[in-house]
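The chain below stands alone, shown as structure tokens; this is the form predicted alone.
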């Protein structure tokens, strides 16, 4: 399988407010020397408690922020070495599904406009082609092409997440970053969206970076897992191996916490072989 995403020694720190007027600004080390790879058709789960660096990693992978050190390669390109126009064109090959679908859609415009927006980076696509691609994406996520004329508030939470996924796949990417994609949904709807993501991955050969605080969902959805703690990847490997025989005390503590295993999904972790 071809490598779609590679991180090598990636670090990122952010300045915090000064504690004293003339004192130095303290730094928060959000990510430290992170390295990982992700291949086509594979799902890599990223787990850890709040503040562990999961969202920072996602922002860096998407090129929304730049690392202080290290290299991030997506589709064979060092994304931080590319000029902005080239990065915009490359981003058609890697898209993101956010935790809050309502926040990622423009409430003042029909959802078809929001879905089509990533296609505007490709000047070769004319308006009829963009409309066709939007209709195809809506059908792929189980909605009707006519739904593109509706506004975000006219959809249920699960339908809005389907719209957000349609926006993520409309460019036919090879990498999808899913940042807590079902945490805002009830359990029955979570299952539907997870099944949809699995189906799309199989159809499109997607590589998926699946970020979640819920270890049961990661056990169910992912091939491999990377455990993050205070900005570092402290343990990684096949899901069954890491969750059944964790090497690190931090991983064992995560597995023991009820808040990291939703009550309705807890058996998925407990029964992982």
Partner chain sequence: MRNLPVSLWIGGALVGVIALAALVSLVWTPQDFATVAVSERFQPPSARYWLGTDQLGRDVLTQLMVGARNSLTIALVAVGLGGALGTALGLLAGAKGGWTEEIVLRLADFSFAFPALLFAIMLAAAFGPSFANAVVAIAFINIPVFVRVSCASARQVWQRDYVLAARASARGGLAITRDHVLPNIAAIVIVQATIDFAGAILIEAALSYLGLGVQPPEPSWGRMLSEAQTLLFLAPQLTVLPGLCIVATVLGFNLLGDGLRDLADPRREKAR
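Positions refer to the first chain, counted from 1. Because the structure is predicted, anything quoted here is derived from the model rather than measured.
A second form of this protein, the form predicted together with the partner chain, is not displayed here; the remarks below concern that form.
Here the chain stands by itself, but in the model of the complex one stretch of 137 to 145, 89 to 97, 71 to 79, 124 to 132, 89 to 97, has heavy atoms within 4.5 Å of the partner chain. Among residues of the shown chain, residue 107 is one whose heavy atoms approach the partner chain to within 4.5 Å in the model of the complex.
Residue contact check for residue 118: one or more of its heavy atoms lie within 4.5 Å of the partner chain in the model of the complex. Remark: residue 247 does not count among the residues lining the partner chain in the model of the complex, judged by a heavy atom distance of 4.5 Å or less.
Residue 62 belongs to the set of residues with a heavy atom inside 4.5 Å of the partner chain in the model of the complex. Heavy atoms closer than or equal to 4.5 Å to the partner chain in the model of the complex belong, across 154 to 174, to one residue only: 167.
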